[in-house]
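Take a look at this one chain, the form predicted alone, written out in C-alpha cells.
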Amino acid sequence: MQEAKHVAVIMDGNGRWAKKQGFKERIKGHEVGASKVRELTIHASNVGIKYLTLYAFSTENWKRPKTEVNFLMTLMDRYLKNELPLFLENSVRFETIGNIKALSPKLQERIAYTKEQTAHFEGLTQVLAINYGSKDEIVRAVNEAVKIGDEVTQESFNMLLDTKNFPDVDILIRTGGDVRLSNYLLWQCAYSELFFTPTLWPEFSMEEFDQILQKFAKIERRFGGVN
C-alpha cells in the first residue's frame, strides 16, 4: 500500500454549478468553490497529504470577461485574508507557483505576507497555481537555463521550475467531467496517476477524495520499469 504525498487538483465546474443552481452569474460558483478549497485543505491535512496544489488561475484565464477576472482577483485576495487563521491553526504552509508579477501590487503583497506568516510550518503545504501555465513555466525555465549556460540535465532543469521545492505529483484530480490537462503541471505529472470525475468542483466531496486515495494506494507504479 502506498501513500500519496503530492495531490494536484484542477478545480473545474464552478460556472456550470452556478448555472445548474439557477444563478445568473458564474461568480457565485467561484465563491462556493473557494469554500470547497477550505474544506479540502483541512481534510488533506488531516489524512496526511504533504502537498496540495490547486489550479486557481491559469495564464489563459485572462481571456475571460473582465468582470469575472476582476472578481477572481478580489476573491483570491479575500480568500488569503480570511484563510490565514486557518493556516495558522492547522500548521499549513502557503506557497504559489506561476508568474505572480502580473498580479496587482495589493495581491502580490497579500501573497508575500501569507507566505511569510506560514513559512515555518511543516504540515501540509497548500500551493495555489496563480497566473500559471505549464508551457509558460517551461519557457521561463529554458530562458533561465540559457542564461546559466551549463549543460542541462533533468535534475538541473527541475531546479529551475516553479515547483523546485516540491516533489512530483502523485495524484492529479480533475473535476467537472473534462478529460484533459489544460496546460497544468505537464513536467511534474509525467508519472502521475490521473483521476477524472464528472463531479462539479463545488459538489466534490471528501468521501470521493478518500476513494481516490484508496484507489491510488492499490496501484502498482513502475515508472517505466518492471516488477
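Because the structure is a prediction, the values reported are computed rather than measured. We number the residues from 1 along the sequence you see.
Keep in mind that the form predicted in complex with a small molecule is missing from the display, and what follows is about it.
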Can you confirm whether Gly13, Phe57 and Arg174, the three residues that make up this candidate site, all sit within 4.5 Å of the small molecule in the predicted bound form, judged by heavy atoms? yes
| Is there a heavy atom of Arg26 no more than 4.5 Å from a heavy atom of the small molecule in the predicted bound form? | yes
Subject >> Touches the small molecule in the predicted bound form: Leu80 (any heavy atom, 4.5 Å) >> reply: no
Against the small molecule in the predicted bound form, would Lys36 count as a contact residue? Criterion: heavy atoms within 4.5 Å. no
- Would Leu72 sit within 4.5 Å of the small molecule in the predicted bound form, counting heavy atoms only? yes
Assert contact residue (the small molecule, in the predicted bound form, non-hydrogen atom within 4.5 Å, options Asn165, Ser182, Asn158, Asn46) equals Ser182
Testing 189 to 197, 165 to 173, 57 to 65, 38 to 46 against the small molecule in the predicted bound form with a 4.5 Å heavy atom criterion leaves exactly one stretch, namely 57 to 65
